[in-house]
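Presented as structure tokens, the chain that follows is alone, the form predicted alone.
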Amino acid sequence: MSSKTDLSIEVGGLKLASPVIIASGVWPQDAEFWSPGRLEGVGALCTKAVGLKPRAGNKGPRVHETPCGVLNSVGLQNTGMASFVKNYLPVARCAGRPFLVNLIMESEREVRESLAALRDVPDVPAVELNISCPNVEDDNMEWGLRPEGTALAVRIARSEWGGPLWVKLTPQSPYLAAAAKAAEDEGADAVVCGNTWLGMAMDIERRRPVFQRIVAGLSGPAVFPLALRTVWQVSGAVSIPVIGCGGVSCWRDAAAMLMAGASAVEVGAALFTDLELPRKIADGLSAWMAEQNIDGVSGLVGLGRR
């Protein structure tokens, strides 16, 4: 066997050269960073979240570092679907890899109009339906808290979008496995576990919470054990692929996610300190799999459950 193992895998309707996916909202939107030369080890990328109309995002501080991660309260800032199609999609198409449009689950009318706009342009490989953002006031996360809301959101999206549809779940749901099953039953091609965990920070000098919305989304190494648990829980409840997301910062984390039942992993906060991380994860994972005589990613998926 060669010193490295091939990492290609088909996940949720996409053919990936690597199971390492860049999560939404963390990769620079500059065209230089979407060129193939900057994406070694990357199997796919998720775009910044986009909705039908522009959003200004949240006021006040938006990012606060913690000892083992980062809190963010960006608030889904984006320029709206028309600008996204005109200015962002041409950049995404240069990546030489599949990409997923992270679509905000807004009202039924808005999400239908957004998907209609995406249908009208060529070469959009997949949609990642975001029903899980904790940093907005219009109840985006409410869609994902209960199986009934998840089912309705996916039913709406599926009726408008015939291509690969991934659903990004919220770890705040007390019914996570049931919500994932509801997404599967309504036609989702994969589920992502998941978005950030709710947390907060206190500015002791100001004697006030750091964020104007009080709570914010926690990501980074601190949440990895929690995210790993959700992957285990959800992969035991559905037959569609599960994508692990939360705290992945090295190849060993990726291996653990795959063993727990994920078919791929999304990398987010760790990229803030190392833009070469996807290559390092892919190289480390491939070399270790070769040493362990694991022939292909599919041989690692769910290995810890057998």
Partner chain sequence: MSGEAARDHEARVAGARVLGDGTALLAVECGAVADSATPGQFVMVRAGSCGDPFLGRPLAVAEASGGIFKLAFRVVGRGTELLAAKRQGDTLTVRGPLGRGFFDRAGDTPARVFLAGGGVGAVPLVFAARRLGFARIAGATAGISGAGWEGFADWLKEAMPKVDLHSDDGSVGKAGTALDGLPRSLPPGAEIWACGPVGMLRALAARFPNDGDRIRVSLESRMACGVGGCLGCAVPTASGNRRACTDGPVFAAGEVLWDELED
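Residue numbers count along the first chain shown, from 1. Predicted, not measured: the structure shown is a model, and the values here were computed from it.
As for the form predicted in complex with its partner chain, it is not shown, yet the points below apply to it.
*Asks:* Since the chain is shown here on its own, which stretch among 204 to 212, 100 to 108, 115 to 123, 150 to 158 would lie within 4.5 Å of its partner chain in the predicted complex, judged by heavy atoms?
*Replies:* That would be stretch 204 to 212.
*Asks:* Taking the shortest heavy atom distance, is residue 74 within 4.5 Å of its partner chain in the predicted complex?
*Replies:* Close contact exists here: in the predicted complex, residue 74 approaches its partner chain to within 4.5 Å, heavy atoms only.
*Asks:* Report yes if any heavy atom of residue 251 sits within 4.5 Å of a heavy atom of its partner chain in the predicted complex; otherwise report no.
*Replies:* No, residue 251 stays farther than 4.5 Å from its partner chain in the predicted complex.
*Asks:* Do residue 241 and its partner chain share at least one heavy atom pair within 4.5 Å in the predicted complex?
*Replies:* Residue-level check for residue 241: no, no contact with its partner chain.
*Asks:* Is the gap between residue 134 and its partner chain in the predicted complex 4.5 Å or less for some heavy atom pair?
*Replies:* No, residue 134 is distant from the partner.
*Asks:* In the predicted complex, which of the listed residues (164, 199, 171, 221) lies with a heavy atom within 4.5 Å of its partner chain?
*Replies:* Of the listed residues, the single hit is 221.
*Asks:* Give me the residue from 52, 259, 45, 70 that has a heavy atom within 4.5 Å of its partner chain in the predicted complex.
*Replies:* Looking at the other structure, the residue within range turns out to be 70.
*Asks:* What residues of 54 to 86, in sequence order, lie within 4.5 Å of its partner chain in the predicted complex by heavy atom?
*Replies:* In sequence order, 56, 59, 60, 61, 62, 63, 65, 66, 67, 68, 69, 70, 74, 77 come within 4.5 Å of the partner.
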